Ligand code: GLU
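Form predicted on its own, single chain, as structure tokens, below.
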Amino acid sequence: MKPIVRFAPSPTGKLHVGNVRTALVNWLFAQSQGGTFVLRIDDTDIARSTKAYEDGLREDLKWLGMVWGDTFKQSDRFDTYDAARDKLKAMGRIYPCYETSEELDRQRKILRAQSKPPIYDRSALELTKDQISAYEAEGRKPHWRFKLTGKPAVWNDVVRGKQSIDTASISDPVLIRADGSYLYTLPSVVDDIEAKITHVIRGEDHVTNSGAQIEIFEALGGTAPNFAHTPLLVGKDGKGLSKRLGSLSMDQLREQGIEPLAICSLLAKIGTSDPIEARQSLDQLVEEFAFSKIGRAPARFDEDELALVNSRLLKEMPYSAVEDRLKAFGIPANETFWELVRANLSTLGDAVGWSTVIHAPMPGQITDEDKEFCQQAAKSLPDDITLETWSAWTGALKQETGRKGKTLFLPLRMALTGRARGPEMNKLLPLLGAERAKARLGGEVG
């Protein structure tokens, strides 16, 4: 059977590197096996979910190249969840609880003070009809918990190996809030059953949840999927990224000029045994994907490393891949220009600056101590410039002036480009042309 996986974001915020990594692992696995990648919009939280966020996450996934094979919204399926709720009620597998959040918090604090695990004590199961009537007379509405069996839930995790969760050691999970709205767990299980999800791939912070979810699958007559729990994403300092995720959203990275393939190249490789290098296609990432490569240590995300991968990606990118985008920047570019500047770009937008250096009038950047030298250089620069001109010209200047090394080359580079570093001057000089080069060397606008 070909795998069917799902990525299930909530449209309550922007897509960031943490959930993109989860999406990417799901997508790469599905593609590597000829399977299906399902996009499920978890919008049961009607108050916080917005169409703008939903549209944004869909746009981000397309931008990243992760096209889905099927998609649906949970908000269209409340009747299905209600049917599952009624089935569990009839089976006696969910039960009403009337404790307030304050009362539950107090219970947990008491248990911790007694050095006991803060597990719900199932006191709601002992309520009499009179007690329930009294609560309801107060205006209390029940939340509903799923009654766990107390048996071990065992599975062979694709990443972590054999796992066992003793359901007697965890609280019966709340499936339905007091206002009747559903928490994540029940709709997710119902959807996974109906969509025939074969693999649930997510962060390792969900390992404990899997024990309860396996029992819900079984209670509803379904078969639990294969689970794969990957190590969490952390910053380069080993700390969580939660406080910085806003600055690591896809729209922010896109505005910074980060290439989608650079993001995917980094997120696909951190925390694995593969080297972190720029890949030129998602197909290459698909071919290289294997769960066996994923380690157990947290995956460290480093923005500096992302910038480096982005720069290396551009350095290897062919002109055909950027031609339309360069034209959209208004750059009168060609393949010669691209091959000249690409090794000096951090982002594609940096090409605008180099286009300005080559094509726009600008004065030469010359210090007083280098003025006479640059004027002499202008006089000796031939009118017919080729790829060999730079070497012959600077060689002659070296003999005439006694300058060498930095004192020879830096003044010329600054006068011609206004920058201390950049593309190879033997290739840049022909694009500038003799007239513009001589003007700048003479301290004039050229």
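The numbering used is simple: start at 1 and walk along the sequence shown. What you see is a predicted model; the values in this text were computed from it and never measured.
Omitted from view is the form predicted together with the ligand, to which the following refers.
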**Asked** Just one of 265, 230, 188, 310 has a heavy atom within 4.5 Å of the ligand in the predicted complex. Which one?
**Response** 188
**The unique member of 254, 315, 206, 108 whose heavy atoms fall within 4.5 Å of the ligand in the predicted complex** = 206
**Asked** in the predicted complex, do 269, 284 and 287 all reach within 4.5 Å of the ligand through at least one heavy atom apiece?
**Response** no
**Message:** Check residue 42 for me: does it contact the ligand in the predicted complex (non-hydrogen atoms, 4.5 angstroms)?
**Reply:** yes
**Request:** Report yes if any heavy atom of residue 10 sits within 4.5 Å of a heavy atom of the ligand in the predicted complex; otherwise report no.
**Result:** yes
**Message:** Residue-level contact is defined here as any heavy atom of the residue lying within 4.5 Å of the ligand in the predicted complex; does residue 6 satisfy this criterion?
**Reply:** yes
**Message:** Taking the ligand as it sits in the predicted complex, is residue 184 in contact with it (heavy atom to heavy atom, 4.5 Å or less)?
**Reply:** yes
**Fill in**
The stretch from 369-377, 332-340, 354-362, 198-206 that lies within 4.5 Å of the ligand in the predicted complex, judged by heavy atoms, is 198-206
